[in-house]
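Only one chain is shown below, in structure tokens, and it's the form predicted alone.
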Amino acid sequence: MSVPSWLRDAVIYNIYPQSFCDSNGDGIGDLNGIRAKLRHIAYMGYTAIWLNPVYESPFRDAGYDVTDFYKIAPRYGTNEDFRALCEEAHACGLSVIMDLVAGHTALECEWFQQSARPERNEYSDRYIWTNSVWESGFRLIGGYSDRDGCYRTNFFYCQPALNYGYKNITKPWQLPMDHPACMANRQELLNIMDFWSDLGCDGFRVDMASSLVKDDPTGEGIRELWQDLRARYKAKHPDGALIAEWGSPKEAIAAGFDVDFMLHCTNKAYTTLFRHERGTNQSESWIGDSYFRPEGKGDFRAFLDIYQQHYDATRTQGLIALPTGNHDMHRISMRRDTDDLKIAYTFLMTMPGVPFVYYGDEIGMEYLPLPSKEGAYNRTGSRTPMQWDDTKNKGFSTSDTPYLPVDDRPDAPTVAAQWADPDSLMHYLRALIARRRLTPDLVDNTKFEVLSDGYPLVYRRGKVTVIIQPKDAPAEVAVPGAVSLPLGLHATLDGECVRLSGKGAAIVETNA
């Protein structure tokens, strides 16, 4: 399996469209607002943008409930605006990745409205329905319409599951994967991908990618489905990217994806690095054992033991993505200062695979405890408007009623303020991205070898040695063959010894 060449040195910027930049003053970010910021994105060194869903939707789940997969939601603009965005992004050297909601639709989707009718029709079996409204069970919702049956959801009640079939059939209403209705859904998914590819889209991040085939304990069914879809998609779009929200790279890449995330929702490896917390409330206090905390109480092996399994299984087949964050988790800046974030970003930008940066993380935007908006619940505080400058609504919008409240604290970080400060987090991240892309050993399939997994963390990638010291304590590390220290934080190179005056980081070039 070959990964598109443009992914090999990619650094991808994740944009939450409704919160990024409002071009028309209605309080909601839009496609033309994104277009207005493309040169800034390119100047930072990113190579691609990933947009959370921009399809027509009632927005009960922030656009992950789709009514029309072939139409941009009016609040974001038009299909022509999307085409123009892609054209301008390409002119800036940026690829464009769309979020693909493959497993479900909105209740208002015309396909589901037809499926919910009691009379048999083309869409009756395109969703999962039981044969009786009285048959209850996990994720089954009854009483929606006159159809005698319960529909299965994929997530919230408002997201009925499209029917891609069951691998293990135990009920009379469950359909096999090769049923005509299930195959029609596969073809529709390809039609959607072709449609947006023709408008300029360069790839897709697939929401809940492992959820399509039901009752598939060995994963055989979902692998077959995605391998089939990959082959047909790549036949038309050989440079198109397929990125999974799966959370298990060795499974996702075996199924045909180019990239998969190490995520907080599927195993604890990623969480042990940045987001170990007490309880489920994102505003609650830290347990104190995240590895990237200055107290130095974490255990990198809790991440490494799981990561290494996935890395060894996928190194020659696909890429692992380690994000700074996304719309589903609290901001990485919680209880971290600027140096803490610089250290964390040094790690993320020197690891194998594809780094993803969530909008606002480049300036250290904070999580804000807010009431739920569009199905976000405790995720709302990570979706607040981008902070561009010190004008109204931090430059996000001229509206008196922005999509979400803006962080109005006097010391809230902004892009403008950080551009003016050469020591800012944003300048440091830009230098990291440049160093990554200019260093072949950091973007190729160069071996990842951990030399020390305590405090500090030391690992080698070819002729590059990386030293990460989140703990607020000085350290000395011998680096045989050290030639230069092209980028560091509170670090100096003395011969073949790197000295850290406290918490810090260093990227060291060696001659062997």
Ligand code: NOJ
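What you are looking at is a predicted structure, and each value in this text was computed from that prediction instead of being measured. One rule holds for the numbers: they count along the sequence shown, beginning at 1.
There is also a form predicted together with ligand NOJ; it is not shown, and the following applies to it.
**Q** Within a 4.5 Å heavy atom cut-off, is Met208 in contact with ligand NOJ in the model of the complex?
**A** Looking in the model of the complex, residue contacts with ligand NOJ include Met208, since a heavy atom lies within 4.5 Å.
**Q** Should Asp328 be counted as a contact of ligand NOJ in the model of the complex, where contact means heavy atoms within 4.5 Å?
**A** Asp328: yes, in contact with ligand NOJ in the model of the complex.
**Q** So in the model of the complex, does any heavy atom of Tyr64 sit within 4.5 Å of ligand NOJ?
**A** So Tyr64 counts as contacting ligand NOJ.
**Q** If you check in the model of the complex, is Lys250 within 4.5 Å of ligand NOJ, heavy atoms only?
**A** Lys250 lies outside the contact set for ligand NOJ.
**Q** Quick check on this chain: which one of Phe155, Phe112, Phe347, Trp388 has a heavy atom within 4.5 Å of ligand NOJ in the model of the complex?
**A** Selected option: Phe155.
**Q** Answer with one of Glu245, Glu362, Asp202, Asp258: the residue that has a non-hydrogen atom within 4.5 Å of ligand NOJ in the model of the complex.
**A** Contact with ligand NOJ in the model of the complex is made by Glu245 alone.
**Q** Just one of 376-384, 118-126, 172-180, 220-228 has residues with a heavy atom within 4.5 Å of ligand NOJ in the model of the complex, so point it out.
**A** In the other structure, the partner sits against 376-384.
**Q** Is any part of 99-119 within 4.5 angstroms of ligand NOJ in the model of the complex by a non-hydrogen atom, and which residues would that be?
**A** If the 4.5 Å heavy-atom criterion is applied to ligand NOJ in the model of the complex, 99-119 yields only His104.
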